[in-house]
Structure formats: C-alpha cells, structure tokens
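So this first bit is one chain, no partners, the form predicted on its own, shown in structure tokens.
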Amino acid sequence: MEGNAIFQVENVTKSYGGIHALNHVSAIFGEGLTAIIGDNGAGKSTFMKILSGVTKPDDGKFFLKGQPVHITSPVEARRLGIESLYQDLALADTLNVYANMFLGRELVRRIAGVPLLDERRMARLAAETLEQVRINIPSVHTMVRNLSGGQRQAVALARAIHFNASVLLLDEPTAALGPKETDSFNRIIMGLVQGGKTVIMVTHNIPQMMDMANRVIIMRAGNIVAEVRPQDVTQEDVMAFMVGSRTLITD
C-alpha cells in the first residue's frame, strides 16, 4: 500500500460468459477527485459497480486505509464508508427527503421499551446537512417525486455527506442535469474534495474532468490504459488513449 492510499484495488477481473469486462484492473485512490473515462464498453461502469458492491468480481483484492476488506454488497460498502451515486439514484419516490436520507439506517427512539421511528430527529439532521452544503430543497418533508433532477442528486449527495463517507463513487451524476444544476453539483463536489474526501467519478464529460480532477484514469476494453494528471495532457491526448492510438502511461 502507498502512504497516501485511501482505497486500493488489485487485479480485479470480471467476465460475462466469453466477454471480459475487466482484465486484472489495479488502481490506487487517494484524497481528491479521480475521474474514470472511456468509451462505451470500456469497463468503467462494471468497475464502479464492483467498487460499490453491486456486482461481485470473479477475482481481486480490496484495501481501505491499508486494511483488506470484502465488499460483498452495497450495504457492506456503506458500512465501510463507501457511498455511491448513480444516475437512477436509488431514491424512493414515495418517501420524503429525510426518509430517503435515512433509508435503511433509520433512527429510532424507545417509548416504554417500544422502538419507534424518530421522525423529528431525522428531519432535523437532514435539514442541517442540506444547509451545511448549501443545497436548496423546499422542505425535508417534500416527497422526492416532486423534486427536480438536481434536487434529487442533492438529496443522495447529502445522504453520503451525513454518514461521513470516506469514499464517494459517482457514476455519470450530472448526465440528466441542466447547466445550472450541474454547476451547483460540481461546486458541492469540489467542496468535498477540498475537505479531504476521496471522490471517484465516471464521466463522459472530458472538459469538465480536465478542470476538476486531480487524476484521470482512462479505460479501454476492460483495461486501464493510462493514468494521467490533467495538467500534463491535452484533451486530444486523452481521446488518443481512449481510442488506442497512444500507449499505456502512468503518472
């Protein structure tokens, strides 16, 4: 393990029948924002699903803060401090904002020994977290189905912040957002990065990542073909690695 490694994976492989989605992929993630980019079929979404516990790899090892861990499910990933945001967000439309933030981790209080949901405390903590990150939600009692795409992303992000995730996985988080909502979301992400969080983001938006990322991992055909610092390459270089006209380099 490297001294600055927060999350590390070694020799992760995944096949679906005769299709090799990932080929012995290894990577080290430290504090800051690492972007993962590549064409469709490069393996980046499969990689993220494995990191988040959604998909089980055929082989591979995982280390968190220097210790070996087993990521067997999304619940186990969250227990380890690895939170995920996907395009579908995994939010429940029929629940309100604070219920979504605490979904699966509800707070309870006891009255005469009987456990009851502590609705008031969950609502208060949700409101405090949203205010902390300057996310504009009408009310924590608002049903999620009535929120905009950006507000829904904000709720999912606030959930990760409240539970103090050490690693945040983002899979195309701004794909369905407009320019204003994307700018707001990116501002929050950069605030987390400046606060020392480890953020891993899959994206097709190369210009955005050239501006935001500390490091860029480029994937092609189930392999990592380059790891670069944005300041060391051009967008044309990145595209060349993606299509295979340049060869493997690492920073």
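Note that the structure is a prediction, hence the values are computed from the model and not measured. Each residue number is its position in the shown sequence, starting from 1.
Although it is not shown, the form predicted together with a small molecule is what the next lines describe.
For the three marked residues, Ala21, Thr46 and Glu172, a heavy atom of each sits within 4.5 Å of the small molecule in the predicted bound form. Contact check for Ile189: every heavy atom lies farther than 4.5 Å from the small molecule in the predicted bound form. Taking the partner from elsewhere, Gly41 is found to have a heavy atom lying within 4.5 Å of the small molecule in the predicted bound form. Shown alone here, Lys65 lies farther than 4.5 Å from the small molecule in the predicted bound form, counting heavy atoms only. Although the partner is absent here, His204 sits close enough that one of its heavy atoms falls within 4.5 Å of the small molecule in the predicted bound form. Heavy atoms within 4.5 Å of the small molecule in the predicted bound form belong, among the stretches 33-41, 190-198, 65-73, 208-216, to residues of 33-41.
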